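Heads up, the chain below is alone and in the form predicted alone; it's given as C-alpha coordinates.
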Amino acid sequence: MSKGVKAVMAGALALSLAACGTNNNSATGGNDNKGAANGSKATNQEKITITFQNIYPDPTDPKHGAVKKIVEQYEAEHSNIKIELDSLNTDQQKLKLKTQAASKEVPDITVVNPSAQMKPFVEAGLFAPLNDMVEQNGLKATFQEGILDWYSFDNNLYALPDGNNIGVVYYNKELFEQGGVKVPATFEEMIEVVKTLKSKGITPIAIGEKDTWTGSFLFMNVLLRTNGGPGFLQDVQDGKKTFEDQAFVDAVDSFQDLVQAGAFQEGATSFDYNAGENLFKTGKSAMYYMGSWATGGIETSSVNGKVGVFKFPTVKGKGNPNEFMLAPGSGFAISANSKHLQETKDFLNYFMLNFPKVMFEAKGAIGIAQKVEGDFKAQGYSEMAMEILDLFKEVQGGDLSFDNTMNPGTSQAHLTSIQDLFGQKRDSKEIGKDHQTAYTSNKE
(Lines give C-alpha, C1' and ligand atoms only; values in the text may rest on other atoms or scores of the structure.)
Protein backbone atom coordinates (compact mmCIF):
# COMPACT_ATOMS: atom_id res chain seq x y z
CA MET A 1 0.00 0.00 0.00
CA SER A 2 1.45 3.40 -0.98
CA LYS A 3 1.99 6.17 1.52
CA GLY A 4 -0.81 8.18 -0.12
CA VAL A 5 -3.26 5.37 0.42
CA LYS A 6 -2.05 4.98 3.99
CA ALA A 7 -2.62 8.69 4.56
CA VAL A 8 -6.18 8.56 3.29
CA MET A 9 -6.91 5.36 5.17
CA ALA A 10 -5.55 6.95 8.34
CA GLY A 11 -7.79 9.92 7.63
CA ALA A 12 -10.74 7.61 7.22
CA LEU A 13 -10.02 6.05 10.59
CA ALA A 14 -9.65 9.42 12.28
CA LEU A 15 -12.87 10.69 10.76
CA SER A 16 -14.87 7.53 11.41
CA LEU A 17 -13.85 7.51 15.05
CA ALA A 18 -14.77 11.16 15.31
CA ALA A 19 -18.12 10.60 13.64
CA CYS A 20 -19.02 8.06 16.28
CA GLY A 21 -17.14 10.25 18.75
CA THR A 22 -17.69 11.97 21.97
CA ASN A 23 -20.00 14.75 22.96
CA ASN A 24 -17.02 17.05 23.20
CA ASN A 25 -17.46 19.41 20.26
CA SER A 26 -13.85 20.48 20.07
CA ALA A 27 -10.96 19.67 17.79
CA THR A 28 -7.57 18.14 18.39
CA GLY A 29 -5.07 20.93 18.62
CA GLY A 30 -7.52 23.14 20.46
CA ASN A 31 -5.78 25.33 23.00
CA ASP A 32 -6.09 28.48 24.99
CA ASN A 33 -5.67 30.53 21.82
CA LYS A 34 -2.15 31.53 22.71
CA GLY A 35 -0.50 29.08 20.34
CA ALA A 36 3.19 29.20 19.57
CA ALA A 37 3.27 32.94 19.31
CA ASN A 38 4.25 33.28 22.95
CA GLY A 39 7.73 32.34 21.79
CA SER A 40 7.80 35.06 19.15
CA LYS A 41 10.91 37.19 18.95
CA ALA A 42 8.84 40.27 18.12
CA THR A 43 8.31 42.98 20.68
CA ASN A 44 5.31 45.23 21.07
CA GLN A 45 7.20 48.22 19.73
CA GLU A 46 8.12 46.39 16.51
CA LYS A 47 5.24 46.49 14.02
CA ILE A 48 5.31 43.47 11.72
CA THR A 49 3.25 42.59 8.64
CA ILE A 50 3.02 38.96 7.55
CA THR A 51 1.65 38.28 4.05
CA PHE A 52 -0.60 35.23 3.98
CA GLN A 53 -1.34 34.02 0.45
CA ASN A 54 -4.26 31.57 0.33
CA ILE A 55 -6.76 29.98 -2.06
CA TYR A 56 -9.99 30.73 -0.21
CA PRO A 57 -11.52 33.78 -1.95
CA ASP A 58 -15.08 32.41 -1.89
CA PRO A 59 -17.02 33.78 1.12
CA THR A 60 -19.27 30.68 1.06
CA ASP A 61 -16.28 28.38 1.64
CA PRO A 62 -15.90 27.50 5.36
CA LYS A 63 -12.12 27.80 4.95
CA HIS A 64 -12.55 31.46 3.96
CA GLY A 65 -14.36 32.17 7.23
CA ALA A 66 -11.92 30.06 9.24
CA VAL A 67 -8.92 32.00 7.93
CA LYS A 68 -10.53 35.34 8.78
CA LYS A 69 -11.57 34.18 12.24
CA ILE A 70 -8.16 32.81 13.23
CA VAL A 71 -6.37 35.83 11.79
CA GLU A 72 -8.63 38.19 13.74
CA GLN A 73 -8.01 36.19 16.93
CA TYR A 74 -4.27 36.33 16.41
CA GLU A 75 -4.17 40.04 15.66
CA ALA A 76 -6.30 40.74 18.74
CA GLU A 77 -3.79 38.89 20.90
CA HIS A 78 -0.70 40.31 19.16
CA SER A 79 -1.18 44.03 18.61
CA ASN A 80 2.16 44.39 16.86
CA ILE A 81 1.32 41.79 14.18
CA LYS A 82 -0.71 42.48 11.04
CA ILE A 83 -1.68 39.51 8.84
CA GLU A 84 -2.23 40.67 5.27
CA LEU A 85 -4.43 38.24 3.34
CA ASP A 86 -3.90 37.64 -0.38
CA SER A 87 -6.86 35.44 -1.35
CA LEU A 88 -6.83 34.05 -4.90
CA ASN A 89 -8.45 31.18 -6.75
CA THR A 90 -6.20 28.17 -7.35
CA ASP A 91 -4.98 28.88 -10.87
CA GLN A 92 -4.44 32.58 -10.12
CA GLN A 93 -2.40 31.66 -7.06
CA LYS A 94 -0.27 29.13 -8.94
CA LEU A 95 0.50 31.67 -11.65
CA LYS A 96 1.27 34.43 -9.17
CA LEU A 97 3.52 32.18 -7.08
CA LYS A 98 5.44 31.14 -10.19
CA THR A 99 6.11 34.79 -10.96
CA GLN A 100 7.05 35.54 -7.35
CA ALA A 101 9.35 32.53 -7.22
CA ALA A 102 11.19 33.66 -10.34
CA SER A 103 12.11 36.91 -8.58
CA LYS A 104 12.62 35.16 -5.21
CA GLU A 105 9.85 37.28 -3.67
CA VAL A 106 7.70 34.51 -2.22
CA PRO A 107 5.13 35.75 0.35
CA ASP A 108 5.76 35.00 4.02
CA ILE A 109 3.16 32.23 3.77
CA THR A 110 2.06 30.77 0.46
CA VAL A 111 0.19 27.75 -0.86
CA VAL A 112 1.72 24.83 -2.74
CA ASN A 113 0.48 21.42 -3.83
CA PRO A 114 2.25 18.26 -2.66
CA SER A 115 4.87 15.99 -4.18
CA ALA A 116 5.85 16.82 -7.77
CA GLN A 117 4.37 20.33 -7.68
CA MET A 118 6.38 21.25 -4.59
CA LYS A 119 9.66 19.81 -5.72
CA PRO A 120 10.91 22.67 -7.98
CA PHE A 121 10.29 25.25 -5.23
CA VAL A 122 12.09 23.12 -2.64
CA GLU A 123 15.04 22.48 -4.96
CA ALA A 124 15.29 26.23 -5.58
CA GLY A 125 15.61 26.79 -1.82
CA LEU A 126 12.50 28.99 -1.66
CA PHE A 127 10.80 27.35 1.35
CA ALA A 128 11.90 27.19 4.96
CA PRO A 129 12.04 23.76 6.68
CA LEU A 130 9.29 23.46 9.28
CA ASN A 131 10.61 20.52 11.31
CA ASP A 132 11.26 22.65 14.39
CA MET A 133 7.90 24.40 14.15
CA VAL A 134 5.73 21.29 14.11
CA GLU A 135 7.33 20.06 17.31
CA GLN A 136 5.94 23.10 19.16
CA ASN A 137 2.77 22.60 21.19
CA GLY A 138 2.21 19.13 19.76
CA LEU A 139 1.30 20.38 16.27
CA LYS A 140 2.76 17.37 14.45
CA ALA A 141 0.51 15.00 16.39
CA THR A 142 -2.61 16.78 15.13
CA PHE A 143 -2.00 15.55 11.56
CA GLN A 144 -3.25 12.23 10.24
CA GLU A 145 -0.59 9.55 10.05
CA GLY A 146 1.46 9.65 6.84
CA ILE A 147 -0.05 12.83 5.40
CA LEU A 148 3.06 14.97 6.03
CA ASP A 149 5.17 12.62 3.90
CA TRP A 150 3.81 14.24 0.74
CA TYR A 151 5.26 17.59 1.81
CA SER A 152 8.68 16.32 2.90
CA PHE A 153 11.95 16.09 0.98
CA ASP A 154 15.25 14.74 2.30
CA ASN A 155 13.78 14.42 5.80
CA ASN A 156 12.70 18.05 5.87
CA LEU A 157 9.05 19.14 6.06
CA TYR A 158 8.26 22.17 3.89
CA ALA A 159 4.49 22.63 4.05
CA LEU A 160 1.46 21.88 6.24
CA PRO A 161 -1.60 20.53 4.40
CA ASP A 162 -5.16 21.75 4.81
CA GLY A 163 -6.85 18.61 3.48
CA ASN A 164 -6.89 14.87 2.86
CA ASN A 165 -9.69 14.06 0.45
CA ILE A 166 -11.25 11.70 -2.06
CA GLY A 167 -12.98 12.45 -5.36
CA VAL A 168 -16.76 11.89 -5.32
CA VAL A 169 -19.82 12.75 -7.39
CA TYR A 170 -22.30 15.04 -5.64
CA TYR A 171 -25.82 14.96 -7.04
CA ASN A 172 -28.97 17.02 -6.54
CA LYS A 173 -31.75 14.60 -5.57
CA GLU A 174 -34.52 16.99 -6.61
CA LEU A 175 -33.07 17.51 -10.09
CA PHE A 176 -32.56 13.76 -10.49
CA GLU A 177 -36.22 13.27 -9.62
CA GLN A 178 -37.30 16.03 -12.01
CA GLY A 179 -35.24 14.43 -14.75
CA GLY A 180 -36.55 10.97 -14.00
CA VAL A 181 -33.06 9.50 -13.58
CA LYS A 182 -31.34 7.36 -10.99
CA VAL A 183 -27.80 7.18 -9.65
CA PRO A 184 -25.72 5.46 -12.37
CA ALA A 185 -23.90 2.23 -11.56
CA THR A 186 -21.61 2.45 -14.61
CA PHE A 187 -19.99 5.24 -16.62
CA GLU A 188 -22.08 4.22 -19.61
CA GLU A 189 -25.23 4.69 -17.51
CA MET A 190 -23.83 8.03 -16.40
CA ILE A 191 -23.70 9.17 -20.03
CA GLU A 192 -27.32 8.14 -20.52
CA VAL A 193 -28.25 10.10 -17.38
CA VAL A 194 -26.44 13.10 -18.86
CA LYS A 195 -28.35 12.82 -22.13
CA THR A 196 -31.71 12.51 -20.36
CA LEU A 197 -31.06 15.49 -18.08
CA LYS A 198 -29.83 17.56 -21.01
CA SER A 199 -32.98 16.75 -23.01
CA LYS A 200 -35.09 18.10 -20.15
CA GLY A 201 -33.22 21.39 -19.91
CA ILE A 202 -31.20 20.46 -16.83
CA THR A 203 -27.44 21.08 -16.86
CA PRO A 204 -26.03 17.64 -16.04
CA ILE A 205 -22.59 18.40 -14.53
CA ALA A 206 -21.07 21.65 -13.29
CA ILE A 207 -17.35 22.26 -13.74
CA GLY A 208 -14.97 25.21 -13.48
CA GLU A 209 -12.64 24.32 -16.34
CA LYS A 210 -11.07 27.78 -16.60
CA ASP A 211 -9.03 26.35 -13.74
CA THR A 212 -7.64 23.50 -15.79
CA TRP A 213 -6.99 21.08 -12.93
CA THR A 214 -10.74 20.46 -12.53
CA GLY A 215 -11.14 18.66 -15.87
CA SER A 216 -7.91 16.77 -15.29
CA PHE A 217 -9.11 15.60 -11.86
CA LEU A 218 -12.23 14.13 -13.48
CA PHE A 219 -10.29 12.66 -16.39
CA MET A 220 -7.86 10.96 -14.01
CA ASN A 221 -10.74 9.16 -12.30
CA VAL A 222 -11.75 7.82 -15.72
CA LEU A 223 -8.15 6.66 -16.26
CA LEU A 224 -8.11 5.05 -12.82
CA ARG A 225 -11.00 2.90 -14.06
CA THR A 226 -9.82 2.11 -17.63
CA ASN A 227 -6.41 1.14 -16.23
CA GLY A 228 -8.15 -1.39 -13.99
CA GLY A 229 -6.69 0.26 -10.89
CA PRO A 230 -4.11 2.77 -9.69
CA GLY A 231 -0.56 3.32 -10.85
CA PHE A 232 -0.75 4.24 -14.56
CA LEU A 233 1.39 7.37 -14.22
CA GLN A 234 3.89 5.55 -12.02
CA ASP A 235 4.12 2.82 -14.65
CA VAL A 236 4.87 5.50 -17.26
CA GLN A 237 7.62 6.90 -15.06
CA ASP A 238 9.00 3.40 -14.49
CA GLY A 239 9.07 2.72 -18.23
CA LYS A 240 6.45 -0.05 -18.01
CA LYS A 241 3.78 1.84 -19.97
CA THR A 242 3.43 4.85 -22.24
CA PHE A 243 0.64 7.35 -22.82
CA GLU A 244 -0.06 5.55 -26.08
CA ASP A 245 -1.18 2.43 -24.20
CA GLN A 246 -4.80 1.34 -24.56
CA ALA A 247 -5.82 2.29 -21.01
CA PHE A 248 -4.98 5.95 -21.66
CA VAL A 249 -6.56 5.98 -25.11
CA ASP A 250 -9.73 4.42 -23.68
CA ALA A 251 -9.82 7.07 -20.95
CA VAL A 252 -9.61 9.84 -23.55
CA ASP A 253 -12.39 8.25 -25.59
CA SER A 254 -14.66 7.88 -22.58
CA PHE A 255 -13.97 11.41 -21.37
CA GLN A 256 -14.79 12.75 -24.83
CA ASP A 257 -17.99 10.70 -24.85
CA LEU A 258 -19.01 12.56 -21.70
CA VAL A 259 -18.19 15.96 -23.20
CA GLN A 260 -19.92 15.15 -26.51
CA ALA A 261 -23.04 14.00 -24.63
CA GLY A 262 -23.41 17.59 -23.39
CA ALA A 263 -22.42 16.86 -19.80
CA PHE A 264 -21.15 20.32 -18.91
CA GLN A 265 -22.56 23.83 -18.90
CA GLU A 266 -22.15 26.04 -21.93
CA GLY A 267 -18.82 27.85 -21.88
CA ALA A 268 -17.35 25.59 -19.20
CA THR A 269 -13.81 26.83 -19.88
CA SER A 270 -14.82 30.38 -18.96
CA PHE A 271 -16.02 29.34 -15.48
CA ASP A 272 -13.35 29.29 -12.78
CA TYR A 273 -13.49 26.82 -9.91
CA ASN A 274 -15.71 28.97 -7.68
CA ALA A 275 -18.11 29.90 -10.49
CA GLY A 276 -18.43 26.28 -11.56
CA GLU A 277 -19.08 25.07 -8.04
CA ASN A 278 -21.62 27.82 -7.48
CA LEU A 279 -23.72 26.46 -10.34
CA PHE A 280 -24.19 23.30 -8.31
CA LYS A 281 -24.56 25.11 -4.98
CA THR A 282 -27.38 27.25 -6.40
CA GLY A 283 -29.28 24.29 -7.85
CA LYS A 284 -28.40 24.96 -11.47
CA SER A 285 -26.75 21.61 -12.21
CA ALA A 286 -27.60 18.04 -11.30
CA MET A 287 -24.09 16.73 -10.59
CA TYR A 288 -20.68 17.96 -9.51
CA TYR A 289 -17.49 15.89 -9.46
CA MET A 290 -15.02 17.20 -6.92
CA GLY A 291 -12.87 16.36 -3.93
CA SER A 292 -14.69 15.85 -0.65
CA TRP A 293 -13.43 19.25 0.49
CA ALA A 294 -16.44 20.72 -1.36
CA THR A 295 -18.76 19.27 1.30
CA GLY A 296 -18.52 22.21 3.68
CA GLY A 297 -19.40 24.78 1.03
CA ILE A 298 -22.34 22.71 -0.19
CA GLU A 299 -23.64 22.41 3.38
CA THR A 300 -23.82 26.19 3.69
CA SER A 301 -25.54 26.62 0.30
CA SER A 302 -29.15 26.68 -0.83
CA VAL A 303 -29.07 23.02 -1.91
CA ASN A 304 -28.15 21.72 1.55
CA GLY A 305 -30.45 18.82 2.39
CA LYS A 306 -31.04 18.01 -1.27
CA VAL A 307 -27.64 16.52 -2.06
CA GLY A 308 -26.36 12.96 -2.06
CA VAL A 309 -23.02 11.48 -3.14
CA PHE A 310 -21.95 8.45 -5.12
CA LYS A 311 -18.68 6.76 -6.03
CA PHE A 312 -17.25 7.25 -9.50
CA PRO A 313 -18.55 4.22 -11.45
CA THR A 314 -16.78 1.55 -13.49
CA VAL A 315 -15.76 2.44 -17.06
CA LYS A 316 -16.10 -0.14 -19.84
CA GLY A 317 -16.59 -2.73 -17.11
CA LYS A 318 -13.23 -1.91 -15.54
CA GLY A 319 -12.12 -0.52 -12.22
CA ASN A 320 -13.08 -0.71 -8.58
CA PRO A 321 -15.44 2.03 -7.30
CA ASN A 322 -13.73 1.75 -3.89
CA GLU A 323 -10.53 3.10 -5.46
CA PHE A 324 -10.71 6.88 -5.46
CA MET A 325 -8.81 9.87 -6.66
CA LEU A 326 -6.80 10.75 -3.57
CA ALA A 327 -6.17 14.39 -2.78
CA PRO A 328 -3.71 15.35 -0.10
CA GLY A 329 -4.58 19.02 0.11
CA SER A 330 -2.66 22.12 -0.77
CA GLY A 331 -0.14 23.02 1.92
CA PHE A 332 1.01 26.19 3.63
CA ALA A 333 4.71 26.89 3.08
CA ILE A 334 6.87 29.65 4.54
CA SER A 335 9.33 31.66 2.49
CA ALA A 336 12.94 30.90 3.32
CA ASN A 337 13.60 34.60 2.71
CA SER A 338 10.89 35.91 5.03
CA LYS A 339 12.06 39.03 6.86
CA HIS A 340 10.13 37.81 9.89
CA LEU A 341 10.79 34.09 9.73
CA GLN A 342 10.28 33.28 13.41
CA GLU A 343 7.15 35.41 13.73
CA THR A 344 5.73 33.80 10.59
CA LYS A 345 6.40 30.33 11.99
CA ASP A 346 4.75 31.33 15.26
CA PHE A 347 1.63 32.51 13.45
CA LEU A 348 1.37 29.45 11.20
CA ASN A 349 1.80 27.19 14.22
CA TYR A 350 -1.06 29.02 15.95
CA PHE A 351 -3.17 28.91 12.79
CA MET A 352 -2.85 25.15 12.33
CA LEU A 353 -3.44 24.39 16.01
CA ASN A 354 -6.74 26.27 15.84
CA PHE A 355 -7.77 25.20 12.33
CA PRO A 356 -9.48 21.85 13.19
CA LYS A 357 -11.63 23.35 15.95
CA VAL A 358 -12.72 26.34 13.88
CA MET A 359 -13.44 24.19 10.82
CA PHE A 360 -15.42 21.68 12.89
CA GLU A 361 -17.59 24.44 14.31
CA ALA A 362 -18.09 25.89 10.80
CA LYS A 363 -19.23 22.47 9.51
CA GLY A 364 -16.19 22.40 7.22
CA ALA A 365 -14.13 19.64 8.84
CA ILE A 366 -14.91 16.88 6.32
CA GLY A 367 -11.65 16.00 4.60
CA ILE A 368 -9.21 18.20 6.50
CA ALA A 369 -5.71 16.82 7.06
CA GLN A 370 -5.82 17.02 10.83
CA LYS A 371 -7.54 14.79 13.35
CA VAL A 372 -10.95 16.00 14.44
CA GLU A 373 -12.61 15.29 17.76
CA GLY A 374 -16.31 15.75 18.24
CA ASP A 375 -19.67 14.33 17.31
CA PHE A 376 -20.33 15.39 13.72
CA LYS A 377 -24.00 14.49 13.84
CA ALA A 378 -24.59 16.34 17.12
CA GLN A 379 -22.81 19.35 15.64
CA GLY A 380 -25.42 19.45 12.89
CA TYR A 381 -23.48 18.04 9.96
CA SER A 382 -25.79 16.99 7.13
CA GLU A 383 -26.76 13.52 5.97
CA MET A 384 -24.55 14.17 2.93
CA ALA A 385 -21.56 14.81 5.19
CA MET A 386 -22.22 11.58 7.06
CA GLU A 387 -22.33 9.77 3.69
CA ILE A 388 -18.88 11.17 2.92
CA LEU A 389 -17.59 9.93 6.26
CA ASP A 390 -18.90 6.47 5.38
CA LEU A 391 -17.15 6.59 1.99
CA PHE A 392 -13.83 7.28 3.71
CA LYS A 393 -14.21 3.95 5.48
CA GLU A 394 -14.45 2.13 2.13
CA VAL A 395 -11.28 3.49 0.49
CA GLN A 396 -9.18 0.63 -0.89
CA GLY A 397 -6.59 2.70 -2.73
CA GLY A 398 -6.33 5.16 -5.57
CA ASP A 399 -4.19 7.67 -7.46
CA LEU A 400 -2.97 11.24 -7.00
CA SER A 401 -3.81 13.92 -9.55
CA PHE A 402 -1.73 14.24 -12.72
CA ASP A 403 -0.01 17.47 -11.70
CA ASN A 404 0.87 16.10 -8.28
CA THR A 405 2.59 13.14 -9.94
CA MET A 406 4.26 14.31 -13.15
CA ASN A 407 6.87 17.01 -13.72
CA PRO A 408 5.58 20.55 -14.40
CA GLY A 409 6.28 20.53 -18.16
CA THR A 410 4.36 17.32 -18.79
CA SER A 411 1.60 18.44 -16.45
CA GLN A 412 1.08 21.71 -18.29
CA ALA A 413 0.85 19.92 -21.63
CA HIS A 414 -1.69 17.53 -20.12
CA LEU A 415 -3.82 20.27 -18.55
CA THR A 416 -3.96 22.20 -21.80
CA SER A 417 -4.79 19.06 -23.77
CA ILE A 418 -7.69 18.09 -21.52
CA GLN A 419 -9.06 21.64 -21.53
CA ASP A 420 -9.00 21.63 -25.34
CA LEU A 421 -11.35 18.62 -25.36
CA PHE A 422 -14.13 20.86 -24.02
CA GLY A 423 -14.03 22.77 -27.28
CA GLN A 424 -13.31 20.13 -29.89
CA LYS A 425 -13.20 16.39 -30.33
CA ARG A 426 -9.79 14.96 -31.16
CA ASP A 427 -8.32 11.61 -32.10
CA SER A 428 -7.57 9.87 -28.83
CA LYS A 429 -4.45 8.14 -30.15
CA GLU A 430 -3.04 11.50 -31.21
CA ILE A 431 -3.67 12.86 -27.71
CA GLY A 432 -1.82 9.88 -26.24
CA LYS A 433 1.06 10.49 -28.64
CA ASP A 434 1.15 14.19 -27.71
CA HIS A 435 1.29 13.28 -24.02
CA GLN A 436 4.15 10.87 -24.62
CA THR A 437 6.08 13.46 -26.61
CA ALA A 438 5.61 15.99 -23.80
CA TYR A 439 6.71 13.45 -21.20
CA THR A 440 9.81 12.41 -23.16
CA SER A 441 10.88 16.02 -23.80
CA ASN A 442 10.36 17.04 -20.16
CA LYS A 443 11.72 13.88 -18.57
CA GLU A 444 14.22 14.61 -15.86
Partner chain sequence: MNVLRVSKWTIAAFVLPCLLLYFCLVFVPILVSFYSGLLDWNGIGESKFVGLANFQKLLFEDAVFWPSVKRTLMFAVFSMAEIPVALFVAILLSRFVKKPNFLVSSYFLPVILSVVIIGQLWKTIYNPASMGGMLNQVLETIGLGDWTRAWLTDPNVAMYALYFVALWQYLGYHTLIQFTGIQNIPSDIYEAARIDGAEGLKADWHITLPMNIPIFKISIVLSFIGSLQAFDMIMVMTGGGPAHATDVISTHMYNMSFLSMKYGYGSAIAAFLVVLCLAATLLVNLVFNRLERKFT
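Numbering follows the first chain given and starts at 1. If you superpose the two forms and keep the largest set of C-alpha atoms that fall within 1.5 Å, you have the rigid core. Note that this is a predicted model, so its numbers are computed, not measured.
Omitted from view is the form predicted together with the partner chain, to which the following refers.
Asker: Within 4.5 Å of the partner chain in the predicted bound form, counting heavy atoms only, one of 62-70, 406-414, 372-380, 386-394 shows up; tell me which.
Answerer: In the other structure, the partner sits against 406-414.
Asker: With the partner left out here, check for me: in the predicted bound form, does some heavy atom of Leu279 sit within 4.5 Å of the partner chain?
Answerer: Judged by the heavy-atom cut-off of 4.5 Å, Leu279 is in contact with the partner chain in the predicted bound form.
Asker: Can you work out whether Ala102 and the partner chain are in contact in the predicted bound form, taking contact to mean some heavy atom pair no more than 4.5 Å apart?
Answerer: So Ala102 counts as contacting the partner chain.
Asker: So in the predicted bound form, is the partner chain close enough to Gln234 to count as touching (4.5 Å, heavy atoms)?
Answerer: No - in the predicted bound form, heavy atoms of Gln234 and the partner chain never come within 4.5 Å of each other.
Asker: With a cut-off of 4.5 Å between heavy atoms, is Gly317 one of the residues that contacts the partner chain in the predicted bound form?
Answerer: Heavy-atom contact with the partner chain at 4.5 Å: absent for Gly317.
Asker: Considering non-hydrogen atoms and a 4.5 Å limit, which listed residue (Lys98, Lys240, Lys339, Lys182) is close to the partner chain in the predicted bound form?
Answerer: Selected residue: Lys98.
Asker: Could you tell me which one of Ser270, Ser302, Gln246, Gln260 places a heavy atom within 4.5 Å of the partner chain in the predicted bound form?
Answerer: When the partner chain is considered in the predicted bound form, the option within 4.5 Å is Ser270.
Asker: Could you pull out the residues of 175-191 that have any heavy atom within 4.5 Å of the partner chain in the predicted bound form?
Answerer: Going through 175-191 in order - heavy atoms within 4.5 Å of the partner chain in the predicted bound form - there are no hits.
Asker: With both forms fit on the core, has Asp91 moved 2 Å or more by CA between the shown form and the other one?
Answerer: Comparing forms between the shown form and the other one, the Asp91 CA shifts at least 2 Å.
Asker: Please say whether, between the shown form and the other one, the C-alpha of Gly267 moves by 2 Å or more once the core is aligned.
Answerer: No.
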